[in-house]
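Just one chain follows, in the form predicted on its own, and it is written as structure tokens.
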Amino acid sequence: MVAEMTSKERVLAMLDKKPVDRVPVITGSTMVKEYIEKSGSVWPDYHSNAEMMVNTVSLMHTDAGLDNIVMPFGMFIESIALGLEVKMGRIDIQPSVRSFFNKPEEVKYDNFLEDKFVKTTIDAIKLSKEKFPDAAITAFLVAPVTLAGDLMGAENLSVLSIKCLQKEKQMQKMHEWIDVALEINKIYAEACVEAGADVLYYSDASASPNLVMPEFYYEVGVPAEKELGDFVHNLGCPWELHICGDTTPIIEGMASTGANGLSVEQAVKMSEVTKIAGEVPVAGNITPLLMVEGTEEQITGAVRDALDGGAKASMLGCGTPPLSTSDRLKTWVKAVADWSAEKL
């Protein structure tokens, strides 16, 4: 029997493959409309106001009972800081990148850390660390393939990902984009760790087999993610990797990056991917829409299925939907606690 842990201890123990008092409940994004309104935050100010951001994201921990506190909102910070056009969405729709660069040389990042959105992330990490020392403070960041896709344009990434497997010249072009993305990744990672982040959570959505060939992921994505992961580990911080879609064909590659934990969607069979991942902890697989319209029975069933399948943490298949309700989030947390009491 493991003694009662704090949320931070629980998450870090899970990522370090050590025993836990109960399965941790974690998320990758936290832009929940109900909590934005409850905290008194105002759209779009909470994207660039650290106090508003922390007031909102912390409710996932203090009210719903999740073990991590995650910031920022969405996958646009790196892009907007580099000068790309971003549509800011609405209170219930996350921002999205709307423009791209034509050449890697156009990407200027000398003043990246001076951008107001980046500074908000850093300040929010510091403030969360100060106010909630027992929570696992987590930075939500864009991984290298996806960031390269944001820089060059998603359609261009898709085309180049095929061409680069056929022609060395095109592969060189791809690596030029990836190299720029990695430099930005490292600058941001170091700043987040210095600010006090306990975990870095990387989403590499554009590395999904739904968008690029598994061969591309193994040849380009895995080395890039591993280089970034090694850098993060050298900073003394664990990291998690999420890739969207049915990642069964690439789970072995994801596990080989050195990530401390993997996050998967509901499209995969948990018992299958946990077997492939081996000792690397896997989380996810719960349909996010259940937090919007699921019944207690459906949520509990999905939680238990994922944990019975070998998940080491309970997590939705993607980020927490903006229209999630607090009562459903609490049902999720309770289901994990009940399963843990029975099985651990």
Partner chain sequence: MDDLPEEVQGIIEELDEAAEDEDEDAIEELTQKLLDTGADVETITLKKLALLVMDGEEEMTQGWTRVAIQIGLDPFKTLIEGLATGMSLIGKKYENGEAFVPQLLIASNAMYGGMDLLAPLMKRDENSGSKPATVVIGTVEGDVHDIGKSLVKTLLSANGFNCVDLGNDVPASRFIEAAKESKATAISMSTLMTTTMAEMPRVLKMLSDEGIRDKVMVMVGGAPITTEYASQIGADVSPHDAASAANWLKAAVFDFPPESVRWG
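Residue numbers count along the first chain shown, from 1. These figures come from a predicted structure and were not determined experimentally.
FYI, the form predicted together with its partner chain isn't displayed, but the following is about it.
None of 230-238, 183-191, 154-162, 126-134 except one has non-hydrogen atoms within 4.5 angstroms of its partner chain in the model of the complex; the exception is 154-162.
Checking K103, K169, K116, R90 for any heavy atom within 4.5 Å of its partner chain in the model of the complex turns up a single hit: R90. A heavy atom within 4.5 Å of its partner chain in the model of the complex is found for one listed residue only; from A195, V107, M213, I80, this is M213. Contact check for L289: a non-hydrogen atom falls within 4.5 Å of its partner chain in the model of the complex. Shown alone here, P209 lies within 4.5 Å of its partner chain in the model of the complex, counting heavy atoms only. None of the heavy atoms of S256 is located within 4.5 Å of its partner chain in the model of the complex. In the model of the complex, at least one heavy atom of S96 sits within 4.5 Å of its partner chain.
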